[in-house]
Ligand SMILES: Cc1ncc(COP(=O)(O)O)c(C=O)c1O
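Shown next as structure tokens: one chain only, the form predicted on its own.
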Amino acid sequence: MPSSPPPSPSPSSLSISRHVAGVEYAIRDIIHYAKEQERKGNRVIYLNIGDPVLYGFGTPKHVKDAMVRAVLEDKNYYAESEGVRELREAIAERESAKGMHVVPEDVVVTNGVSEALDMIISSIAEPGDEVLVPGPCYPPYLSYARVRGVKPVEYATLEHEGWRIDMDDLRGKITGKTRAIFVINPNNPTGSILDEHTLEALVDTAVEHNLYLVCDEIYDRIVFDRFTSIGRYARDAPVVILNGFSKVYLMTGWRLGYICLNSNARSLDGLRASIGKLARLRLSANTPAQIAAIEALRGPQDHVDDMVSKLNARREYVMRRLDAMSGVNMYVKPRGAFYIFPRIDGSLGYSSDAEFVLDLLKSKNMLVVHGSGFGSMGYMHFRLVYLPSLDVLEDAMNRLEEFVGSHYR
């Protein structure tokens, strides 16, 4: 995706780390093109950011009430660096129920999963080391590695098999420099869910090669099919689970996530110590938000089924419309999260996915994300968020249908 050219350095310019040059976040980087359209007086439909709160899925009232109470009761102090004890207990209970043995001492509360990811990479890898990431994958997995001087190596997922991980390809990319395998399940951007055989194979591979196995499960309850946590196969393997409150509990702007280490894995003792140091270094996560998160975990859960039901209807609608559009009707049915990742057919005449996305924006004022923004294996795809209401999605699909119809050969 082309970006605005940086200003030419002057003789007095100060140096900037070369590692920052590799930092990209396509989902937000692309927004400035949409703002240009808005400055021209056009109304843009944004289908780029996976924020359910922006699309009418409100934070549950009992969670908001807990946040307000915490603030009014002046619980506005620094929390324990690892997190409020009661919240860590609730998180340990939740993750243990999914299958991995976790005690509160194995939990660190973070400022979103993004900080958790940075803490993990900073702890396990030196500049020049490598980490394996899924192709395609959520952009911060690529960028946080690069900013630490670590090389992200994409392993293949097989689109024609529902974006199943190609375990032969993954194993073939393990080298003496590899430090970890990263997994996103359910996946962003494809919406795929890993089967139990693959989860077990991942654990076995991590143990065989003495690698960390880090699994992001932030969409674990936003699923339309069977979901199994990797924790169910963790045994005493070096498994680390990342999760948070943004998606399931509709707390995106509150920036609250967590790291869970497998209590049975003594091989994680060094990582426990390192993450503890980093947690103390940044002081703590937001205290009132943590107190509210206790209520999120232990209070009513009715909103989850309601959200998934609405999302399922929106998913089915988008798929039905895509099926009728030659040129973008090749996609894998998403089984979790709230994204769909269609392939851009060569018959539309585009030389790149970025060109397609920018032309769609300029022609129809509709913003999606180019697939190559999720790594090289996302090339000639685009990610569409189906969070908006059905009337907004109908408008968007009408625009997309007109667009591809005018280009299909």
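Being a predicted model, the structure only gives us computed values, none of them experimental. Start at 1 and count along the sequence shown; that's the residue number.
From this point on, the text means the form predicted together with the named molecule, which you will not see here.
When you look in the model of the complex, the only residue of Ile184, Leu199, Val150, Leu271 with a non-hydrogen atom within 4.5 Å of the named molecule is Ile184. Put simply, of Ser246, Ser263, Ser229, Thr157 only one has a heavy atom within 4.5 Å of the named molecule in the model of the complex, and it is Ser246. The shortest heavy atom separation between Asn188 and the named molecule in the model of the complex is within 4.5 Å. For Arg255, a non-hydrogen atom is located within 4.5 Å of the named molecule in the model of the complex, even though that partner is not displayed.
Of the heavy atoms in Val113, some are within 4.5 Å of the named molecule in the model of the complex. By the criterion of a heavy atom within 4.5 Å, Ile218 is counted among the residues contacting the named molecule in the model of the complex. Comparing 105-113, 325-333, 308-316, 165-173 against the named molecule in the model of the complex, the single stretch with non-hydrogen atoms within 4.5 angstroms of it is 105-113.
Contacts between 333-369 and the named molecule, taken as any heavy atom within 4.5 Å in the model of the complex, involve only Tyr339.
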